[in-house]
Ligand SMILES: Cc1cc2nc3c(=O)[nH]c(=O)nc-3n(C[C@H](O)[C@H](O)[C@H](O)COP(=O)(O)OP(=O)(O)OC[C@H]3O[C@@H](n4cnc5c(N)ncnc54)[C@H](O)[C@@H]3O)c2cc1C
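Shown below, as structure tokens, is a lone chain in the form predicted alone; questions about how it binds or moves come after it.
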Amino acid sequence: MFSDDLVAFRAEVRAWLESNRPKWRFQPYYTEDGLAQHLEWEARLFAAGYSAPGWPKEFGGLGLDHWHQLIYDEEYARLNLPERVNKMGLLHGGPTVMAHGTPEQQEAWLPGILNNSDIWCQGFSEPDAGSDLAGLRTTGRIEGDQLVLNGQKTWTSFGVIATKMFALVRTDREAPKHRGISFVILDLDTEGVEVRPLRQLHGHAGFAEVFLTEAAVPLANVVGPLNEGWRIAQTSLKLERGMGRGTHTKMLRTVDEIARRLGADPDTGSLERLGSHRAWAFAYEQATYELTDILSRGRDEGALPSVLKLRLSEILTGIREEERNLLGERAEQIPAGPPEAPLPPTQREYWHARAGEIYAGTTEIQKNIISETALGLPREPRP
């Protein structure tokens, strides 16, 4: 399936990652020691040119095409290497600036993402505008050459360590719902910005909510035309829901690990269910390859990113539920420790899988996109 060139590239990447991989498991990135460990690893990737291999060479990447990027992601996932702490900038924010930003914005912001002197987070979700993204209430008021922001962002991944946020703000209250929105980059140390850590159900403390009170940012930080942020955001959303970033590799590895670690009993049906989950993981892998082929040919991917996002959350939830079935009552055991201690890995991964039905667009949102854009069904009535 893979060309000789891709096979050779896989061997090259595999050799480097295996030789340079961390020798121990990192602390969570939201702790002081953990952040230092992650940044040291990121610096090693950057020095080797592996910080963002798919970025164009003019922006500091290796200029890899979609298939080479997929190979890199598969090898990274296969070794279960540390989560990329700047993935919001590397995968969503940075490419959006490449696509829609001015040369001055690209020069000012992209190097900091690559070398991790700036950690980016995404400011899309709000308390009353999560799935209904266009229902956002955070406003941007133009005063001279500044945009004065007021509002609240929430469920902000990496918000506790980020230095910059790309956010959507409403800059024209009289415009229709999906217009009058602007896409803006702001420094999180701006006066009037307050970041509050949020502890999640699965024990992860990397979330934050961000409050904006008369926070003034330069108008020059608006990416794309003023009031056309909804169109700009579609680039970021497609990037978030689309390419697997090794997700298919992680999914297959997880099923195999559970099968090896816990076994299965044909009499209880668990063997059949594990087999079914692995078949779905394989199908997800093949769909990822199909998307990679579509992108490499420069074709429109249509609703396929939404199909992948929908199936991703459903497959992962099914795998983790089967793990809990196999564990039985052991699935509910919590080791002795303080109440604020992180959940055991099995419980943490289960709740994280369940969150997949919400983050990056809920299951209902993905079904609407698929039904309307791929199947041509009538649009759901909007308020």
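One rule holds for the numbers: they count along the sequence shown, beginning at 1. Predicted, not measured: the structure shown is a model, and the values here were computed from it.
Here the subject shifts to the form predicted in complex with the named molecule, a form of this protein not shown in this document.
Every residue in the set Gln122, Trp155 and Ile358 has a non-hydrogen atom no more than 4.5 Å from the named molecule in the predicted complex. Using a 4.5 angstroms limit between non-hydrogen atoms, Glu364 touches the named molecule in the predicted complex. By the criterion of a heavy atom within 4.5 Å, Asn368 is counted among the residues contacting the named molecule in the predicted complex. The closest heavy atom approach of Phe207 to the named molecule in the predicted complex falls within 4.5 Å. Residue contact with the named molecule in the predicted complex: Met88 places a heavy atom within 4.5 Å of it. The chain is drawn here without the named molecule; in the predicted complex, the stretch among 70 to 78, 172 to 180, 134 to 142, 147 to 155 whose residues come within 4.5 Å of it by any heavy atom is 147 to 155.
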